[in-house]
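Have a look below at one chain only, the form predicted on its own, in structure tokens format.
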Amino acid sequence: MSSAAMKSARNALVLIAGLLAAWQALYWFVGDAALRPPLVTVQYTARLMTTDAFWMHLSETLQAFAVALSIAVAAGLVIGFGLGFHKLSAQVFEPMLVAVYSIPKITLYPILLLAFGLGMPAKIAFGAIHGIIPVALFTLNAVRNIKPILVKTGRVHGLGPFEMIRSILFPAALPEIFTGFRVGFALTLIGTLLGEMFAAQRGLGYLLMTAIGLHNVELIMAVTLLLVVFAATVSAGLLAIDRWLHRHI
């Protein structure tokens, strides 16, 4: 193992230890009314993961999240490259995208419920609308910042729009696009969980909302812990890839 990898592992362990210590200290301060200690939460989480109901809820969340993320990335890339190709279109529509992005997405949820009804389609749509605009904006800026000589070279060789994207624009813009994907991943996950919390009958978001309604602190802590571990692990991996792309491309 390289020294850099050892340093990263050591920093991660120190961070985890610090978070656990802060968690335990906070539990001592607030008591059982709102928290459970780390050891109790881990034990309860292990028992929860042996139940069929948990895996049913997890499968529902992962399915909705995967579809929502796919839609967000695909739509974001299309919008980003489409606007990046046309300077006037970018100048007109980029402020609109930023304005829409600033709107609290929860205000759109009643419209999504009317359009898609309760269940899987609504939470997929709610997750996707959180991720589309970040991916689109990062892609747009990535295309805009590509060296003009690369675009001129493609035009000299007679490349069409799709070939230009595949051979020149996408490889050159990949680091910034991946950054947009990393941001879109986190926001799409949040959107999917929020969708499950407000209008669903299955999924981790629904499970969390049910636990809040019943004041089941153990279940609240367990689901929250699983979501944090999943999000932190994947985000750390994506961040490592992001840094590698920015260094080598």
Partner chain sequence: MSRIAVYRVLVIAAAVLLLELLCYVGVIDRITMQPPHRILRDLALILISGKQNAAILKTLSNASIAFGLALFVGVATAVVLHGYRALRETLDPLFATYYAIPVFAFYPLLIVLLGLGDAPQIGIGFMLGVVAVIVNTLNGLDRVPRVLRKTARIQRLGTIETALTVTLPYAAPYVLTGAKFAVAYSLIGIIGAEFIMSRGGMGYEISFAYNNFDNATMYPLIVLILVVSISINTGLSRWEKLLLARRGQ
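Note that the structure is predicted; figures quoted are calculated from it, not measured. Positions refer to the first chain, counted from 1.
Same protein, other form: the form predicted together with the partner chain, not shown, and the subject of what follows.
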Residue contact check: Lys7 to the partner chain in the predicted bound form, 4.5 Å heavy atom: yes
Is there a heavy atom of Leu108 lying 4.5 Å or less from a heavy atom of the partner chain in the predicted bound form? yes
Answer yes if any heavy atom of Gln91 is within 4.5 Å of a heavy atom of the partner chain in the predicted bound form; otherwise answer no. yes
Using heavy atoms and a 4.5 Å limit, would one call Val30 a contact residue for the partner chain in the predicted bound form? yes
The partner chain isn't shown here, but in the predicted bound form which of Ile149, Ala115, Ala74, Val156 has a heavy atom within 4.5 Å of it? Ala115
Residue by residue through 187-209, tell me which have a non-hydrogen atom within 4.5 angstroms of the partner chain in the predicted bound form. Leu189, Ile190, Leu193, Leu194, Met197, Phe198, Leu208, Met209
